[in-house]
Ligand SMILES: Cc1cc2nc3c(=O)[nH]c(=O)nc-3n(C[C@H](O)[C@H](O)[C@H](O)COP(=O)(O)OP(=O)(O)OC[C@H]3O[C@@H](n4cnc5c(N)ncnc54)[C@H](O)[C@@H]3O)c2cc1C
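One chain follows as structure tokens, the form predicted on its own.
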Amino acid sequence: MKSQYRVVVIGGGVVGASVLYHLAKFGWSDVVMLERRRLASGSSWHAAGGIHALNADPNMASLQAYTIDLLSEIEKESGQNIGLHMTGGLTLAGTPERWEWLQANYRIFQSIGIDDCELLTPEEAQKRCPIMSTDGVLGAMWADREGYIDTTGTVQAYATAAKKRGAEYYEETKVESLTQTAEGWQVVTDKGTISCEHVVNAAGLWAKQVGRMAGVELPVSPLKHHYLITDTVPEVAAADFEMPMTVDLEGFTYMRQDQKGVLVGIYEVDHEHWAMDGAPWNYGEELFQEQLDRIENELTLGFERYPSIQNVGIKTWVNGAFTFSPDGNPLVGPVPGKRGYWSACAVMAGFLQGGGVGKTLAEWMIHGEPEADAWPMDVARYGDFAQNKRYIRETTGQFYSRRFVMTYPNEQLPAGRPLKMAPAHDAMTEAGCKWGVSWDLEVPLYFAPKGFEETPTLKRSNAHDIVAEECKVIREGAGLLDITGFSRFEVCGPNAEAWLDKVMASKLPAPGRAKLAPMLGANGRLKGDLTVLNWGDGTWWIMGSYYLRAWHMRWFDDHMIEGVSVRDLGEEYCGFAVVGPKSQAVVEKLAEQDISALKFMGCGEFDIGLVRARVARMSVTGEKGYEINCRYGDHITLRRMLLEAGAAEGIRECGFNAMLSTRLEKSFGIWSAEFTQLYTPGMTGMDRWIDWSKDFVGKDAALAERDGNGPAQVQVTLEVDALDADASGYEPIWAGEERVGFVTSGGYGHYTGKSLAMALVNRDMAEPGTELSVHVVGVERPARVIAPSPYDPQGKAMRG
């Protein structure tokens, strides 16, 4: 072991070994992996080893598909048998809602390029898995690319292949401390001290302690997980094919063949955390005693689903720990505020996602950006609030218990909530507000009559008419919307303007003006759809999506120069927007200055009643509107004054659901839907805001797109002949039998009375009037491309 390496990877499980392999494969061979015990100790050795390409998130699905393709490659490269069995797999639906969901997801998988799936009747499913009972099964989905591997052999294969490419790894080498230095990190082990530029935390069950060594509190916790392996099952032994991987969603179990018996795994509702501060250092290849009382209900369902196993013994019980993040996705990427410290942990499905995680992290470290959109597993999707132990306990436990429980798009889950609330939260609740959550913050969805409860559904909810009324108020009167859920960054300093001019692709606004500003990565893909405000006093604001606060701050810090200060105002500023044709009449009753002088996209400091506020004349609803930003302590007063001043105008409080409906009617895109790290300005129409005359981050790549052949797909607006449901995202779009695009977001345009969707389609399908079709909750519906902004296409309303 040398005293200096470029990268030290801590942890010799499947994720650490994959990171090591990919770093060496992509050209960084001066790397070492340190394992405190033996390779595959911890969770890797006792994992069930299931693999499948299906995931409703296209970015995670592509990483899983990559991992599956890689497995045979590393087996060949290493010479290590990984025990790969591609059996195919079944996902069973046991309720009408679940069957509807499975049919919808079958279409979404088509959108993201997973074409080896098919829907089956219960009888067809039983032919592929003859040991299962079809009692209660309404249908199933089959996928070819499912199966399982030998877990220990796979870890050995990754590590051996990495070693052949020049990387090193050492077992029985415990990391004892980390110290950040000017050049990188000093890693103290029980075998000596190593200096390095980068440290990767791939420590699995020990990720918490390895994080704390660097002053990082990662939102991760181990939970216990059961599976059993039976003795020989005669029906399995007699079959001339392997039983497929089978997931019984209503039964909370998964099953695969194991030799001549089967393995049955359980996601028990009665979850149990273990070692929330990290596993003991001397823990390695131990298991817990099975807890039959805790898994009794799910175990009974499993034995009923596979009657053949009722008559054979259980050969092995496994009750071991796996690590989980609050949403179940991995925590990957550069940790904000800790240069050279990288996370590769909380990879619950390590053998399924480990290859993709290793590829993503290696690309990120070497090239500065991963090829795929890493947001779903980016460690920066959480902020400091997620360090709280109770938050971690509640959210990881909720995810585990709901692993196979159906979650509806309009369902609000309770774990870790309410945490942060705007000051007027209680008063808004009393007024009927129903709340959602964005990052740590409670955000208003809509205002309902007392006693109203929304019913979870895949289709239009019973809040449909309530949202329609709020949309009407926005379009015809004055709506009041809490905008605490927008991010705000203050930029100042002698080089503030020069810095902004470099990181933003747009022309900067003049004093007293605001401007939409795309922000690009070096690869020319989007990093933000932001608004820059020039207050005219040497201070600038950047406004964007609240839940991207840590992610954007990391980007700003990574591109920082001398003479610039960027400060996150998320704990200092909040506010309200007044939107609609009567908005000016409301605000001017309170404004001490002439609010009528504030033109569209203007901004300035105003006295709004007793509140000294920063006001911008803009609105994502497409109506005339004023975004009034105030200090947290002024929020309650500002709301009260605006409601009193607007009483004669019929002002009404509205929520984000109405805002999202009205923005669709204007063809306004939003981040994580129309705008992501995968898309370019040319694809999304953001290129119209680019100032091509200046230098900015990502210009070369953006120019290559502009001056080349252009994007293969472009953004359009669709009108859908929907019935009782609307498109929401990733549904496939068809021209006859040809798949020509997919929905980025959708919903009902309450004021236009149209079911609308925004979509990426092939360029030759983008002309208004083009007849297409789209699957909505699994049902194909006619659709057509329409001109952008079906409401007020000339923008007269918002310009006043």
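Keep in mind it's a predicted model, so treat the numbers as computed, not measured. Start at 1 and count along the sequence shown; that's the residue number.
Absent from the display: the form predicted in complex with the ligand. The rest refers to it.
Contact check at 4.5 Å (heavy atoms) against the ligand in the predicted complex: all three of Gly16, Gly50 and Met213 pass. With the partner left out here, the ligand still marks one of 604 to 612, 361 to 369, 385 to 393, 170 to 178 in the predicted complex; by a 4.5 Å heavy atom cut-off that stretch is 170 to 178.
Taking Met255, Ile474, Val586, Val347 one by one, only a single residue has any non-hydrogen atom within 4.5 Å of the ligand in the predicted complex, and it is Val347. Only one of the listed residues (Ala645, Ala427, Val318, Leu71) places a non-hydrogen atom within 4.5 angstroms of the ligand in the predicted complex, and that residue is Val318. Contact check for Gly204: a non-hydrogen atom falls within 4.5 Å of the ligand in the predicted complex. Though the partner is left out of this view, Trp281 does reach within 4.5 Å of the ligand in the predicted complex, counting heavy atoms only. Within 4.5 Å of some heavy atom of the ligand in the predicted complex lies at least one heavy atom of Leu34.
Not displayed here, the ligand is kept clear of Thr744 by more than 4.5 Å at the level of heavy atoms in the predicted complex.
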